[in-house]
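Just one chain follows, in the form predicted on its own, and it is written as structure tokens.
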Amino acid sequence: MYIVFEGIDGAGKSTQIQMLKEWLEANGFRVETVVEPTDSEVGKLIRKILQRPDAQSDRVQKTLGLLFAADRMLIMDKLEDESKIIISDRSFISSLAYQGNPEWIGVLNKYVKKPDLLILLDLDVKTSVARTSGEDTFENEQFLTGVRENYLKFAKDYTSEIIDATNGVNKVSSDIKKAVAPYLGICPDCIL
């Protein structure tokens, strides 16, 4: 199974992915995690570009769309491994939310694996900005408002579970486990 976590900055994706991974392993599943951008040379270039002051410009966003699609292709073999549950911190759905232009992003990502389950950690923009450092040019209310709206719109196109990320870490984790359990045939009583 390929499970993708999405959400605006500060939603708690990294924390919740680790908690879900540990829980699934405790229930006997083999789990591997991936993160976008990767640690590849392409991923390093993406991280560098994301720090630019003009990172929100249309030209740079189109460049990032291309680079993210290339970076994703580098992890496709991992995502095709059916012996494991793969949990990803972001996917092409991030490109839809952040770069917009669904037709173009769709063409660029034509060959990437679609998630079996999308977990959208939904967070209000004010909380997001308060939780983040503010050093990233994307961590501002105006930009993140549009990104959040895109996430909520695009989540409807996939098998998705929208989780309220404003709750405490343990409550969010419990909500995620309850959402994931039926897809994996885990009994509800196994959810602690």
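Note that the coordinates shown come from a computational prediction; the quantities given were computed from them, not determined experimentally. So that there is no doubt, residue numbering starts at 1 and follows the sequence shown.
Just so you know, the form predicted together with a small molecule exists too; it's not on screen, but the next bit is about it.
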query: Heavy atom of each of K21, S173 and K177 within 4.5 Å of the small molecule in the predicted complex; finding: no
query: Heavy atom contact within 4.5 Å of the small molecule in the predicted complex, the stretch among 25-33, 64-72, 119-127, 153-161; finding: 64-72
query: Contact label in the predicted complex: G43 to the small molecule, heavy atom within 4.5 Å; finding: no
query: Distance check, K113 to the small molecule in the predicted complex, heavy atom within 4.5 Å; finding: no
query: R52, heavy atom within 4.5 angstroms of the small molecule in the predicted complex; finding: no
query: Non-hydrogen atom contact R47 with the small molecule in the predicted complex at 4.5 angstroms; finding: yes
